[in-house]
Each structure stands twice: as C-alpha cells, then as structure tokens.
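A single chain comes next, written as structure tokens; it is the form predicted on its own.
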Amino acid sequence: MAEIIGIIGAMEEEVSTLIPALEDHTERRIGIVTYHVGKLDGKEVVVARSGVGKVNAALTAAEMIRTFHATVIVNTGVAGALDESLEPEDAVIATALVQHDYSTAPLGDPPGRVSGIDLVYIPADPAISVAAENAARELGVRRVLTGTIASGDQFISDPARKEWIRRTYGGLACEMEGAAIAHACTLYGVRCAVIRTISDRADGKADVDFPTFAVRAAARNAKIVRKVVSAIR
C-alpha cells in the first residue's frame, strides 16, 4: 500500500509554497481547517495549515490519520533557536520532541513526562529524520543540527525561559506544535518527522527577528520537506 503523507504547518507561510505544487489537487474543509489533497512530486499527500499551538496541531494530525488515512506525518515550519550556534535560516531536525510546558512534577513525575504514553522525549522516525538532515545539507543550509525540539503554547522571547528549556531538556530549538503532532502520531502508531528552520533566537529580540526572517525560513523549510517527501518509502 502506498504511503499517504500528511504535511502540517501552523501558519500560512509554512504551507503556501507546497499547496500550489500539488497535482490532482482537491480540498476538503473540516471544522476551520482546509485539507489539500493531491500528489507532491509523485507522492500522495494531504497538506493543512493547522493554526498555531499544540491543540490545533494535534487535532489536525488526528484528522489526517483518521479521515485521510495518513501513514506518515511531517511537520514543517520555523522555530526559535535554543542552541547558541544556530542563526536564522539554519535547520533543526528532530530526533525527539518534548512538551516543555507539560508538568505533573508536583506529583513526582519528571518535568515534561506525558501521561498515557509515559514519555518525556517522544521519538521522531529515525529514517525520515536522516532523510531530512541529508536534504538540508544538499540544499546548502549553513548549519544543520539533529536532536531535541521543545514545544509549548508559548512564543519564547524571555532569555531566562529559553535557558530553562535548554538546560532542562537539552533542546536545540523551540516552537509550538511539533511535540503535539509527535504525541498524536505515537497514540495512533504513525511515523512522524519534525523539520524546522530557525526564524529567531528565542531571546529579547525574538519579536523583531521573527517577522523579519519567518517567511524566508519557512520557504527554505518547505524545500527541505519536498526533498524528504520524495525520499519516503
């Protein structure tokens, strides 16, 4: 059976170059999300803008799996740098995802441990992550790092919060959807990948850097995703 690849971006900029590239393009609106179905570089895909945040992302991933029978979910988008070596338009490929704002620590659990799946670090698919790393390097991205991406319902621009996330989880980058998508995929037994390009440094200038670099970073990330989609078997 052929793979059906779901591609989720939170913002319009993160999917705007992918949707026009679809062949045999049809649309289906469920709730407030429009799902774009077609072929991307010969592969069966469904592309959607989920909206920002973990709930929006998880619901969109679940809908792709249940309604469109996606067998792989790829999350595309931008992120804030936690690792100080990263600059705008560098890439981070997740090997694991954490929810930095999830905590039942007062009950004795480690920070970030998600009840039900009982994980702090939710794994991404290793083969797809390797394909994404190779794609980013082939496209000439200045720096490509693989490791933990931290997600939470917060735009990180406070240096103290940034340092806490980096120190607590060993995160390379932070954003607002990836771990929720990985959570949903884990529950359904579906492979997932989270591919992010840096838009800001998650510091006191993040609110200025984000609008400056977000569109370029998202467009570069979409190119990585297209190469990954072509490589998925």
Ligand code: ADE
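Start at 1 with the first residue shown and count on from there. If you're wondering where the values come from, they're calculated on a predicted model, not measured in any experiment.
Although not depicted, the form predicted together with ligand ADE is the subject of the following passage.
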Exercise. Please state whether every one of the three residues 155, 174 and 199 places a non-hydrogen atom within 4.5 angstroms of ligand ADE in the predicted complex.
Key: yes
Quiz item: Between the options 136, 78, 72, 93, which residue brings a heavy atom to within 4.5 Å of ligand ADE in the predicted complex?
Solution: 78
Exercise. Verify the contact flag for residue 213: yes if a non-hydrogen atom of it lies within 4.5 Å of a non-hydrogen atom of ligand ADE in the predicted complex, no if not.
Key: no
Quiz item: Want to guess which of 155-163, 141-149, 115-123, 128-136 is within 4.5 Å of ligand ADE in the predicted complex, heavy atoms only?
Solution: 155-163
